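This document starts with one chain, in the form predicted alone, laid out as structure tokens.
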């Protein structure tokens, strides 16, 4: 049976379809969904393409320094954006690491986070930034923190009649630096492990730290106690080692073709050191 196909031009039209059609699925950039449809590993009787909804595209910087990104904004446009400041710069860094130019031209931030692969580049960045995700259905709108949005492997908190319309990144303290460090088997692959770091230094000591791991569990891994261990320290070897151990204690990596669970845990402290070194070297 062929799927029904809708091309709404407004968010209101799209959520009306989601509210009335059974077994419906939104189609964003299609980089994951179309591949699944082609291999018949996924089937949806009704597809709702979001390509013609212009209100889902673009980036805007708020008066408070936050940056809101429309769900249909492509990875290429995120990577090229100049509206991210201080620690928010981690967002375009991560976008530039996604796959290859052809994928970045078509793939969208909303589609990527809804796919919710923990080895993808955005989930850990959203977690480190404390981003919020805006979801809309025919009854209204709600905001979810990234920590509540990602529920499990390839699973989010999006309800069947909802769609993601935007992601908002809050302002980061002045002087912070955002660093995205990714280890993968080959250029453009999903991460074996990734580290999303936002760091602030003052008088030689860490004044602000946010860290999230990708590829080390079914959802992004945060360890507030590791960040607390870094804050106030001079980021000596013992400080970093302690923070790494705390991060690893929260991780629950699985073995797969990209590496064993043990290998992933071995990578965590090494990538954290790289990220911290890069953050401290940046002017």
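No experiment lies behind these values; they were computed from the predicted model shown. Residue numbers count along the first chain shown, from 1.
The next section is about a form of this same protein that is not shown, the form predicted in complex with a small molecule.
The closest heavy atom approach of residue 100 to the small molecule in the model of the complex falls within 4.5 Å. A residue is said to contact a partner when one of its heavy atoms sits within 4.5 Å of a partner heavy atom; residue 32 meets this definition for the small molecule in the model of the complex. Using a 4.5 angstroms limit between non-hydrogen atoms, residue 27 touches the small molecule in the model of the complex. Remark: residue 210 does not count among the residues lining the small molecule in the model of the complex, judged by a heavy atom distance of 4.5 Å or less. Checking 189, 152, 82, 174 for any heavy atom within 4.5 Å of the small molecule in the model of the complex turns up a single hit: 189. Every member of the trio 71, 115 and 120 reaches the small molecule in the model of the complex with some non-hydrogen atom inside 4.5 Å.
Partner contacts here mean any heavy atom within 4.5 Å of the small molecule in the model of the complex, and among 82-90, 140-148, 102-110, 198-206 they occur only in 102-110.
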